[in-house]
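Okay, here we've got a single chain as structure tokens, the form predicted alone, with questions on binding and movement later.
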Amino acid sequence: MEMQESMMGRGREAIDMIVDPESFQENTVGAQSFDDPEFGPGAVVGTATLDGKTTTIIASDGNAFNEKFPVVYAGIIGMEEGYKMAQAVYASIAADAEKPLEEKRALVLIVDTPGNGPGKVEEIFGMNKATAAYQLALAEARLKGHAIIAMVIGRAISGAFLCHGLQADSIVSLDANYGTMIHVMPLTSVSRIIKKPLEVLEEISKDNAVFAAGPRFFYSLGGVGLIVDHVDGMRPAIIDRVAEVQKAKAEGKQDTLGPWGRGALGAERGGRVERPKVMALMNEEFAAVAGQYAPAR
């Protein structure tokens, strides 16, 4: 595989590669302005046009540093960043609240993050609430008809990817030759938690999508809908995915999108072969006892 120049830390450049030329207006989404440069500097939010259509852009800035929270740097999503991103989503929902489904703006998430800010101060003040607020905002936007596309250009790791990416209708990723990395946590951390030697996990990760870190493994799990093999392909891929998502929602096929759709896609691709069996068993066991807890009326 021929390695390409990495896009890590280049979230702002990626925005310009994707949206219509010179259309990105940073710090303005609908009626809301983000005027405080010291609030969540690691989060880039704004409005652009994509193929002539109004679109909200949310990205992580790998070159920003939040002086109030020393652990927030290099694309890490901190507490302020989580709330800022959530506010951008709710501003998008409010701006299009009265518009028909086909006119609701898409949200494009540029993903390049090594994780959440795990500092003691953030934990005390509610880091979990900030990331949950962002996840909830994206879930609400998705269910209200906004097409949400996540574009992985670098790292998509841990809880940061959980809030900034995994609530999208569809996830697109640059191929591994750009250094993209998608996984729950480093194998060194997994080793400490499950008490397995690192060497054993490294061997397993060569062909097990659960432990491997590359986008093609995540593709087999259904997590990535499409892999793009060149940066020039990001823009057309996102435009196509927006159209596909909007069409599916217009036809009432929301279950083929988002987290639920990715599970079914993983089963189709052979990466989640046990999932349908486990779901069927759980439904069968629940149906057998449901009357005890929720009597039919």
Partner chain sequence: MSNWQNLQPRSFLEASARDRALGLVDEGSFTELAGPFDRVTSPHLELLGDAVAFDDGIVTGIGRIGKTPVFVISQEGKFIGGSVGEIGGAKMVNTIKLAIEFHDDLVAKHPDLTDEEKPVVVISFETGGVRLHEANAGLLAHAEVMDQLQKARGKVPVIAVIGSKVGGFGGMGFVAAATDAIIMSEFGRLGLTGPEVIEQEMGKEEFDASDRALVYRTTGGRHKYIMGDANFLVQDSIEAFRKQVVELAPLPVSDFEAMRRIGSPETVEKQLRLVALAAEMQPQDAVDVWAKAGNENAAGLLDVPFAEFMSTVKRLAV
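Positions refer to the first chain, counted from 1. Note that the rigid core is defined as the largest set of C-alphas that superpose within 1.5 Å between two forms. Fair warning: this is a prediction, and the values are worked out from it, not measured in the lab.
There is also a form predicted in complex with its partner chain; it is not shown, and the following applies to it.
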Heavy atoms within 4.5 Å of its partner chain in the predicted complex: which stretch in 128 to 136, 146 to 154, 101 to 109, 172 to 180 meets that? 128 to 136
Of the options 38, 232, 268, 255, which one has a non-hydrogen atom that comes within 4.5 Å of its partner chain in the predicted complex? 255
Residue 97: touches its partner chain in the predicted complex, heavy atom cutoff 4.5 angstroms: no
Would residue 22 count as a contact of its partner chain in the predicted complex, using a 4.5 angstroms cut-off between non-hydrogen atoms? no
Exercise: residue 279 in contact with its partner chain in the predicted complex, heavy atom 4.5 Å: yes
Using heavy atoms and a 4.5 Å limit, would one call residue 226 a contact residue for its partner chain in the predicted complex? no
Judged by heavy atom distances of 4.5 Å or less, which residues of 69 to 94 approach its partner chain in the predicted complex? 69, 71, 73, 79, 80, 83, 86, 87, 90
Could you check, with the core superposed, whether the Cα atom of residue 197 shifts 2 Å or more between this form and the one not shown? yes
Taking the rigid core as the reference frame, is the Cα of residue 284 displaced by 2 Å or more between this form and the one not shown? yes
With both forms fitted on the core, check whether the Cα of residue 186 differs by 2 Å or more between this form and the one not shown. yes
